[in-house]
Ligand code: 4AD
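In the block that follows, a single chain appears as structure tokens, in the form predicted alone.
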């Protein structure tokens, strides 16, 4: 077939628009099965998956032999006619193939149909990304990222990037990656862009940053990564109640967008129960930390499981652990907002409650089903003297925060914001238990490759 009469190249994602037409498909062999009379060539092209059917009587003997010889993940070009077929796997369409061209053969592809261990799959992450499950997870991630940007852009927030190298810690130096700077000082990989967003919010009113953040926590739990992505909006003239209103509307919007686009494949490919995602509707329960502690104690008293009873031990002033968050969220059918955490378990910049300095104007959004905190935020301390006292109490270097203190010297106003972790949100939406599958290449305590 010459270039002049070659059928147009079409992506699988757009295949429904070409029913009855002859097309060219460029991709890779995902799977193949068949007999001496027909070959089912399951093909992926990055935008989706589709079944291509080639009958022996419809093509030359040489062409059919080529189809029968194809190995997993060989790169191929297929030409054929698009047919609507509800029974076909993947997308409700299939291609009746008239030609297949082998571009490059793959041999001994390491990820086969048999079960593989997590460590093996992570060692081959560069190839594991080609699987259908990972395809869905990372496309959900991309949709969420776009939905986040669209929401904030449409609600008056300006994207202003925060630096990744910082001279000081945002929440203490114990979990920071450090590196020597050119002048002999120590620089750190940012654990949050929030302090800089407070500066940009004072300049532009509403801003956000969106990018990688780094935590040097020596943790191996499924909830932790050492490099992850976070979006951090900040707004001038915003208090805690307005911040919670914003978070609620924001979450309903981005989850609704991702569910509308990916609901079918979340359910069919990932076997995700969509009930809890469909319940992400206003209004979220708002529970003061004081009442949350009482609820946890009540749950502890009710359980007959001695191990759980021990895990739920809590006194006022303690931060919540995974068992506390999991059992608490079981009482609700949607995410919950716990606000008013003890000041001692929150960062130095969090504003204290009027009349109760032991309580901070903070909020965490806890996702159902044991996924824990997906959003953390609150109102920032806008009083210069109070902020300086907190920096001293946390034994931080005052000089490192001279620019941050300027924000309270020159036109300080009430302001608030929050941070949402992309990987935790994707894990919750996809029903994935470990964050390592929600980022293209995970960086954890024991993994720096590939």
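Being a predicted model, the structure only gives us computed values, none of them experimental. Positions refer to the first chain, counted from 1.
Below, we refer to the form predicted in complex with the ligand, which is not included among the displayed structures.
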Which pick from 362, 194, 207, 190 sits with a heavy atom within 4.5 Å of the ligand in the model of the complex?
194
Of 122, 292, 230, 280, which one comes within 4.5 Å of the ligand in the model of the complex, counting heavy atoms only?
230
The ligand isn't shown here, but in the model of the complex, which of 372 to 380, 182 to 190, 143 to 151, 263 to 271 has heavy atoms within 4.5 Å of it?
372 to 380
Answer yes or no: in the model of the complex, does the ligand come within 4.5 Å of a heavy atom in every one of 7, 78 and 97?
no
So in the model of the complex, does any heavy atom of residue 239 sit within 4.5 Å of the ligand?
no
Taking heavy atoms and a 4.5 Å cut-off, does residue 225 contact the ligand in the model of the complex?
yes
Distance check, residue 424 to the ligand in the model of the complex, heavy atom within 4.5 Å
yes
Any of the heavy atoms of residue 348 lying within 4.5 Å of the ligand in the model of the complex?
no
Hey, which residues along 203 to 218 are within 4.5 angstroms of the ligand in the model of the complex, non-hydrogen atoms only?
215, 217
